[in-house]
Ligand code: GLU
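Quick heads-up: it's one chain on its own, the form predicted alone, in structure tokens.
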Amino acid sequence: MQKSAFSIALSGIVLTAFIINVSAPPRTLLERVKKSGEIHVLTRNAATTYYEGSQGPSGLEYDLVKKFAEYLDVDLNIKIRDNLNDIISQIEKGTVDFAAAGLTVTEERQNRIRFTTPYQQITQQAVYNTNNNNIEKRPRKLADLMGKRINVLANSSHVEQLSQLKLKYPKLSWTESKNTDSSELLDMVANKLTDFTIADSNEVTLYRRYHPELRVAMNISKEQPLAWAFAKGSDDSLYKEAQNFMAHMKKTGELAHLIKRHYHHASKYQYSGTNTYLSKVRSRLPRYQKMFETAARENKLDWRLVAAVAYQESHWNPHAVSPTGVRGIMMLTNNTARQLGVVDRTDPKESIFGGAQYLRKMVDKVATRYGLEEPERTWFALAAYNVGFGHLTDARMLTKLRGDNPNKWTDVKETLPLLRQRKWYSKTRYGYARGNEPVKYVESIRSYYDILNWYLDNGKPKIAERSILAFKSSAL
């Protein structure tokens, strides 16, 4: 009897729990993401979206979604797809939470998926090679594209735009590439395998540093927005949270900061210097690469960064001398050389090891005094290497005085040139400085570093090998 009563009671508890569980409303997508502790984001490999850099994952889209994951207090799970149609299909099916893949908002895509508030504006541009014999002069109108080889990314917004233009220019034709990405199409133009491609203006800004022979013929669209893409449906909880996040990023200025951090240095780069730089990469760098690698390893630095600093300083010329008396590959002053134990500044090994040691000191000093994380830590350290730690500290103080963030390079580099003006340097401890120089210094090194990474990853290993052999032969 007691057992029967106990069984009845237990059955009642189980039934009650079942009823409560069944009647409880299902979790929203936002709740499921927070409950799982992970968000799944689809992107594509590109300099403007996501790529593995020397210091780990990078790219504007990556930085944005990483901040969104932190905003939600969940881990970020990145999935890579390069086929645009596949990306949109997976969004529709709900196999990922959303896509952050540099997607242009178009009418056709809005019929399939929904977009957040845009985070960036781009323009579609027709890109050509100035050394292409098939193109006699710069094309300035769409009619100039008729009869030319045009390759574009399949299922892209570029195809949509060209299809619209074809209504007015029936002879306009192109080839759609399914198994290439946007950077490979730009490579094809650079290598004269096609006459034109269509690329977004932000990609062109970054990529022209690698191939200065590439030129923009014309814009083929007005400004277009880039945004994150979500599946359509009744559950808009995660979508609304993404909208709140974008509004927060815009209001705080963090979005503008990220865009400047990824693009501003590239937009200021003098493309004409790339050919000279790559020539020196092939002819001079092989002589000193092992020294850069060893010195960087001993000082826990990226050797490509040390090499980029040395190129900015001397173009890898061990006998370089400035009017102020600094000399050698790393252009060390007498005082700095003495502090570092460098006896002969024109000795390549001594100079490189001394320069790497000094840069390490600057990085550590920035970390200790300012508490900065990467990549800000490196940019500030480079500025200190050039202008001195005191002037950099003055610039940070003035940046804060102006209401900007002294811990962001994008803000401090706006203030540094003010150290030339009495109105501003009179407020500082260390006084006047040619503050525009460290800005140009840092931005140039960033581009040299990017170009060197690109060259080593995608460049010309056979040419590099020939350069090494040529150097060995000349040394015999």
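The first residue of the shown sequence is 1; numbering continues from there. Keep in mind the model is a prediction, meaning the values are calculated, not measured.
The following text describes the form predicted in complex with the ligand, which does not appear among the structures shown.
Think of it this way: in the predicted bound form, the ligand has a heavy atom of just one of A126, L103, L359, A383 within 4.5 Å, and the residue is L103. Screening D97, D394, D200, E313 for any heavy atom within 4.5 Å of the ligand in the predicted bound form leaves a single hit, D200. The candidate stretches are 168-176, 375-383, 302-310, 104-112, and the one lying within 4.5 Å of the ligand in the predicted bound form by heavy atoms is 104-112.
Of the heavy atoms in R44, some are within 4.5 Å of the ligand in the predicted bound form. By the criterion of a heavy atom within 4.5 Å, L153 is counted among the residues contacting the ligand in the predicted bound form. Although the partner is absent from this view, A295 stays clear of the ligand in the predicted bound form, with no non-hydrogen atom inside 4.5 angstroms. Although the partner is absent here, H265 is not a contact residue: none of its heavy atoms lies within 4.5 angstroms of the ligand in the predicted bound form. Taking the ligand as it sits in the predicted bound form, the stretch 225-242 comes within 4.5 angstroms of it through a non-hydrogen atom at just one residue, L226.
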